[in-house]
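Next up is one chain by itself, shown in structure tokens, the form predicted alone.
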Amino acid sequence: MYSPQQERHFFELSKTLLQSDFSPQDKAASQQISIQLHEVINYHEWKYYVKNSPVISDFEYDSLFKKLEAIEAAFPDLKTPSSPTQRVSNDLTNEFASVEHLIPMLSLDNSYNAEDLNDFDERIKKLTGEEGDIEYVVEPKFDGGSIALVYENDLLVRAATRGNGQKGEEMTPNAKAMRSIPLQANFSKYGIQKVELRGEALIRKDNFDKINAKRQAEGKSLFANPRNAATGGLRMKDPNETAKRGLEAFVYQLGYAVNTAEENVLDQFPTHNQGIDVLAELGFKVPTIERKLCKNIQEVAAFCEKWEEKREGYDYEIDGMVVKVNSIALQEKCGYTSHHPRWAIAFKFKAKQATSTLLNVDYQIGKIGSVTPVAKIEPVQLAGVTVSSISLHNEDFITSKDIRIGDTVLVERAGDVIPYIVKSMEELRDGSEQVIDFPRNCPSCNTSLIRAEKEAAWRCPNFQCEAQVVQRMIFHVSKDAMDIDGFGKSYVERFYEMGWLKSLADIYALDYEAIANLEGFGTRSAEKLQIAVDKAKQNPIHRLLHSLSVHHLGKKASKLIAQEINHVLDLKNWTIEQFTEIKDIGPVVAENVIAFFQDEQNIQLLLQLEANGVNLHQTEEDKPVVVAADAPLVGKTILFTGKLLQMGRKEAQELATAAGAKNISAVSSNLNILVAGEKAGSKLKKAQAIGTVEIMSEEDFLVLIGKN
């Protein structure tokens, strides 16, 4: 953006302005100084935030900034929209408006190895008709928050988050607080009147460490990773707080550009790489050393593998590389699906691994008494998250991997989400390691544990076990069960410790005046909790059945049983034959439900729930769904995978059921339709491999059932 001569000029001008004791009195002179301050401050922000190579101290920068503020205070009409002082507004935003992107912000298809990249290259050649090598551009897949920037007449007029790809949350004041985003850029030089850019908001790793250190010193909770800190920073109500996070923005695509006649003018940049170079020339922070123009897919694979090895030493969190067809003409031939551009693909890095030491094993008791061993390890960073606890699943898992306390273990964060112990390093043992002695008595109530035939878990059979009671209450209020909004685990544990909760029935007889007087609550919080509890009292009985934590009684079985009864206590007299006459209800579920309803303590619990206002009668929602014979999905099995953008997973499944389909949970030859949402992974690959599964997008599904 700046030539060596310009850089020297602005550096010298900065020194002159810093040494000047100019006082804003004469407007004409002040206007000239104001223009110079605009230029030098923009230059220093570019050096610091874009090039990461400051040439003056923070104090000197602040001094220049204060001089400009003084001039604008003396002569307010000299304050322009492109002034550096306008990056951070003092106006607090109460909510973020939803704005429509000029063109959709689609997701990316994924690849995981060189073979996947070769397959991608073959698809590109088929789509374009090209027989020779295809030229690609490779860039980092930044792990931050996606943003869209709109400039009109060279000024930044709008910034928004990705949202659902069609619409995002407007966060223009926060974008202005990010000094790597120019408030003004000379797009008119290229005949562009209006343009939309795509980018990613990030926090440098070293800056993230400083932020967390400061939060720790202040007694605040730590951010899990730079991405969470960055995406949270985009949605701060006060742009000043966004500025404090030190967010930076890489811009990586010219998505839309028109002239004053609203004609598309992107064709003046025939390649993606040229478009990025133009953005760099206009002062935007773009991928440079981490971006490469590759002449073929083999060069792409080599560059991706090189960066996978270098990712730890990179200043920002990245979880892969993005591969794009360089020619815009070829991109247009490839086109788009409703989910992703066909001309681009993400090369995802392998799950991160690290070694740590197994310090101890704790044992957690679940809602049905299952005992889960949890490894406590020396804290280790995996994919941007500090991991110190990892599930060991069950005794068989420990035995099969011969995991011992004191072992050096290889830890993996599978899919950058779930921590997992891959193996113990037997060759590093020194003899001090201890074999893990799995308990035979409940760690909570000391009852002898049992292990059912063909089950891996040891369980505590004492239904009144304190640990189980608490876990059942936590599950009961959860979204999957009674869905009491705002009533989380911390409330259950706190109220239990205070003696306010001893059984599920107590949840519906709380003293809200007493809750309002608790530290951290107040009248409004207590009222909101009461409203949520009262609403849950009217739930359909299939939710109540599921919330009782009867072993093997899941959501599906609860719905099937709820269709057949008028009142929950009808089940007191049911026989195993009545249960197994229901399609998909087997003898194991039947026996467990019968055992629950033969226990007088459980009957008294249900009577107390009803006395406290909880519905035990069948509702309209519990009754069977009547499907027309000509419904579009009659006789079809369906499965949803990936993130859906227009509806939740539950809503999608209900729509499929209403259209006659049967929702199933796994990909197999019995599956007819797979609806692939954003970031569809292994299920999509398996369905593609089977070959007989119809794969459709979320939009295609809605069209098929007549809901688009």
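Residues carry their position along the shown sequence, with the first being 1. Nothing here was measured: the structure is a model prediction, and the numbers come from that model.
Missing here is the form predicted in complex with a small molecule; even so, the following discussion is about that form.
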Would you kindly say which of K367, R162, K285, R543 lies with a heavy atom within 4.5 Å of the small molecule in the predicted complex?
R162
Which of these residues, S83, S107, Q471, S549, gets a heavy atom within 4.5 Å of the small molecule in the predicted complex?
S107
For the interface check, one of 563 to 571, 69 to 77, 256 to 264, 335 to 343 should have non-hydrogen atoms within 4.5 Å of the small molecule in the predicted complex; which one?
335 to 343
Against the small molecule in the predicted complex, would K141 count as a contact residue? Criterion: heavy atoms within 4.5 Å.
yes
Would Q184 count as a contact of the small molecule in the predicted complex, using a 4.5 angstroms cut-off between non-hydrogen atoms?
no
Any non-hydrogen atom of R179 within 4.5 angstroms of the small molecule in the predicted complex
no
In the predicted complex, is there a heavy atom of the small molecule that lies within 4.5 Å of any heavy atom of Y136, even though the partner is absent here?
no
